[in-house]
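Single chain ahead, written as structure tokens, the form predicted on its own.
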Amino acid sequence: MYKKLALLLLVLILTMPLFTGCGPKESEAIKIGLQGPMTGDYAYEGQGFEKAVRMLVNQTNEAGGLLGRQIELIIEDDAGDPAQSALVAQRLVDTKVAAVIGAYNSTATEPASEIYNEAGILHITPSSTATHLTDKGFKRFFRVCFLDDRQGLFAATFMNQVLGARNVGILHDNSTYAQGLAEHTKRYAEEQGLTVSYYDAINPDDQDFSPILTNIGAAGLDVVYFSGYHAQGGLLLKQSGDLGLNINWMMGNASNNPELIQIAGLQNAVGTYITTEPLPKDVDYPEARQFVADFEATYGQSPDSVWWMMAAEAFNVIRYAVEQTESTDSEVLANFLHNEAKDINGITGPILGWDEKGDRIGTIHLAYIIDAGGNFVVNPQQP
């Protein structure tokens, strides 16, 4: 009898971890992934992502965490590269994150979104604006940024109504984001009666754009809209100046970056127009002002990129959904965002909600101009 009882007790002891390990313990941290370009051409944005999100994670943990649990932020560097992005996404899935913020560029977000969708993980991008990303029917994929078709409409309207342009050029870099924005801008420009007499692409790996700039300079264009990223945008501005070309440049929101001016040289960047979501300093809501003040107090610098604030917004949305649902289950969180989350006091302004695709409802764009001091200032005239 005693031997049987001892054997039964031993079996119970050995099997207890199996039962207690079936679900997350209340004391276990909630893991949230952040993927972005911590190295490479877009490192300025990825490193800003990390600063913004880590600050909010620390604030949340100091206030007691979420659902009584601490948050563990897991950072992965995708370098803005689609192949690396896929590897990063799989690592975050294997780490069993509850949700993921990222990536920065649409080319990196697309392969990651496939992997997160397959794994059933809530995925929010702060900055990937390529319109087709949300056409795949992924129920757990959301954006806090605005779409390229809306920016394309804004850019075409600005060229038409504010600049009075009639003969325009559009230049992209063949990336998912830039080509999509270029195509939308071309369509809306032509609908408004503008002539798009120059439409071409650069190779972003090139360093010398003299041939294509010479062609642009000879085309007699009123304005040229570059829809690519700031590293190449800066080179285009610099080399335009070196060639003595008088090109009226406009650029999209991926060129909304102080490094654009560093690459171009101030004298070549002055007067460039930028279409973009409002910069943090120009978002006049209490939550935005608090974010800017906290960021400056934490890091001794202002959050100069709109994408840093958008990354913070993505975390803010995840936190809000977890608090409201008292759950970390991705399906529960996604259903809440699709069906119940409305009129959120966001860091980037009011969030009206999301449509059935996961796109944020509403849109806000502004035109900026680079002034003589190297500042991005709101253009006095807006469409």
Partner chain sequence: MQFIQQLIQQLINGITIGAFYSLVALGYTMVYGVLKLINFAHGDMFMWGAYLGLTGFNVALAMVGQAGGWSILPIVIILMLTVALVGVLVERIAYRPLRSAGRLAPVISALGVAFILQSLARNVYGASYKTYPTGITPTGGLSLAGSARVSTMQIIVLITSFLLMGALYLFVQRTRIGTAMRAVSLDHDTSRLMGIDVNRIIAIVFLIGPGLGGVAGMIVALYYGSFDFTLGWSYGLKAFIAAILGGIGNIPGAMLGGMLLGIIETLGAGYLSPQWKDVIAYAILIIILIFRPTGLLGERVAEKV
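Residue numbers count along the first chain shown, from 1. Predicted, not measured: the structure shown is a model, and the values here were computed from it.
This protein has a second form, the form predicted in complex with its partner chain, left out of what is shown; the following refers to that one.
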Next item on the list: Consider the chain as shown here, without its partner, and state which of Q207, Q290, T95, Q301 has a heavy atom within 4.5 Å of its partner chain in the model of the complex.
Entry: Q207
Notebook entry, point to check: Quick one: of T195, Q192, T214, N248, which gets a non-hydrogen atom within 4.5 angstroms of its partner chain in the model of the complex?
Noted result: T214
Note to self: Taking 4.5 angstroms as the heavy atom distance cut-off, pick the stretch from 53-61, 319-327, 339-347, 34-42 that is near its partner chain in the model of the complex.
What the structure shows: 34-42
Check: Taking L73, I75 and Q90 as the candidate spot, are all three within 4.5 angstroms of its partner chain in the model of the complex by heavy atoms?
Finding: no
Notebook entry, point to check: Does any heavy atom of G244 come within 4.5 Å of a heavy atom of its partner chain in the model of the complex?
Noted result: yes
Notebook entry, point to check: Is the gap between Q262 and its partner chain in the model of the complex 4.5 Å or less for some heavy atom pair?
Noted result: yes
Next item on the list: Please check if N174 has a heavy atom lying within 4.5 Å of any heavy atom of its partner chain in the model of the complex.
Entry: yes
Next item on the list: Decide whether A201 counts as a contact residue for its partner chain in the model of the complex under a heavy atom distance cut-off of 4.5 Å.
Entry: yes
Next item on the list: Quick one: name the residues from 214-237 with any non-hydrogen atom within 4.5 angstroms of its partner chain in the model of the complex.
Entry: T214, N215, A218, A231, Q232, L235
